[in-house]
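Form predicted on its own, single chain, as C-alpha cells, below.
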Amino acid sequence: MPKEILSIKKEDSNIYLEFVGELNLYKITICENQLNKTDFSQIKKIYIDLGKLSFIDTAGALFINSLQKDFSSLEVILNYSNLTKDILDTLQLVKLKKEDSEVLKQKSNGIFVSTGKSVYLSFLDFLSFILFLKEVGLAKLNYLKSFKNIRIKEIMFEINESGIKALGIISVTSFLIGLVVAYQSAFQLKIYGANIFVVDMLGISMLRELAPLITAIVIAGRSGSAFTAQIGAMKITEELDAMRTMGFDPYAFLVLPRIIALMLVMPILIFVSDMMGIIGGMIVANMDLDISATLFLDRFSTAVDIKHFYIGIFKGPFFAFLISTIGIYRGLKVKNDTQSIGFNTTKSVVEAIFAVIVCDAIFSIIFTHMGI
C-alpha cells in the first residue's frame, strides 16, 4: 500500500489530485490535511484522478463529492477511468442519495409542507391523547368496582400536595386580582357616580369566571407540571416497567389517585379563590369608593345571585380533570433523556391552560344559551 493516499502536483494554473489505494473513513483526515496545506489561490482547474483507487467506502465517496462543492469557484474535472464496478456504484449511489436528500430538504423548507406536517403530528398526538383517556376511563371503572381498590392514602397525599400546599399561592393571586379588578373598575365608576356597582361587577366576574380560571391556571403551572415531571422521571428510571413486572397497574397506583385528588380539591381551591378575590375588592371599595364592609356585603348578598357561585364551583372538577390528565399523559410521553422531561413539562402547562380556556368558553356558551 502506498505511503500517501493522495498525490498533489501543480502545473501552471492547474493542479492534479491523484488518489491511490484505499480511500476510507480513516484516510480522509490525511487527505484533508494535505489539501489544507496546498495553495489554491492561482489555480483555475482541478483534475481529480480516481483511476488508481482499489477501494472506496461511502465516507470516501462523500469526501470526493464534497471536493466539488468546496472548489465550486474552480473547474473540477473528475477522471473515472479504469475504476472497478464496485467503486463506480459506490460513487454513483452516494451522489444520488445526496441529491435526493438536498431536494427533500428544499421541499421540507416550504411553509405549506412544514405547516401540514405540524398539523398532522398534532392530530396524531390528539388521537394518542384520546386513546389515553379511554385507558383512564377503563381503569377508573375497574378502580371503582370495589371500595378496596380505592387507594385512600395515595389520594389524601395528592390532595395535600396538589391542593393544600397550593392554597397560599392561589390566595395571594386571587387577592391581587380582586384588588386590580376593583381598582380599575372604581376609576371608571366614579366618573358616573355608580360606585356601588363595583360590588355587582366584582362579585359576578370573580365567582363565575375569574376565580375558577385563575385557580386552574395556577394549578396547571404548579401541579400539572409536577405530574409530568414525576411520571417522566419514573419512566426514565424504569420504575413504571418495574411496577408492571411486579404485577402493579401504574394507572391504579399513579394515574387515578392524582386525577381523583385534583378533582376533589379543585372546588375547595376555587372557593378560597372566591373569598380572597372578594376580600381584595372589598378593601379597594372601602379605601377608594368609601363603601364600608357592611354596605359591600349587603349589596353583594342582594345583587349577586347564588347561581354564579355554583357555576364557578361546577367548573372545578372539569378543569381539574383536564389539567391532571394532560399532565400525566405528557409524563408518559417522556423519552429516555432528561431534555424530554423539560420539553413535555412545558407542553403540559401550555396545553392544560389552553384546554382550560377552551373548556371555559364552551361552558360560557352553554350557560348563556340555557339562560343561567
Partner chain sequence: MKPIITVRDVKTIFDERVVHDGLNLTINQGEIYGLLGPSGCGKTTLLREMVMLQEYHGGDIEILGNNLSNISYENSQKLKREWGVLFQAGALFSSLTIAQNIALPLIEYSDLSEKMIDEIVEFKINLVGLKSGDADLYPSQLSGGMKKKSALARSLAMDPKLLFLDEPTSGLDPISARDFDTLILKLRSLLNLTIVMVSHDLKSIYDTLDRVAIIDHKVIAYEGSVDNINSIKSDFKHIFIKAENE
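What you see is a predicted model; the values in this text were computed from it and never measured. Positions refer to the first chain, counted from 1.
One more form of this protein, predicted in complex with its partner chain, exists but is not displayed; see below.
A.B. asks: Hey, of 188-196, 162-170, 231-239, 277-285, which bit sits against its partner chain in the predicted complex at 4.5 Å between non-hydrogen atoms?
C.D. replies: Correct option: 231-239.
A.B. asks: Please state whether every one of the three residues Arg151, Met246 and Phe253 places a non-hydrogen atom within 4.5 angstroms of its partner chain in the predicted complex.
C.D. replies: Verified in the predicted complex; spot residues all in contact, yes.
A.B. asks: Which residues from 156-189 come close to its partner chain in the predicted complex, meaning a heavy atom within 4.5 Å?
C.D. replies: Nothing in the stretch sits within 4.5 Å of the partner.
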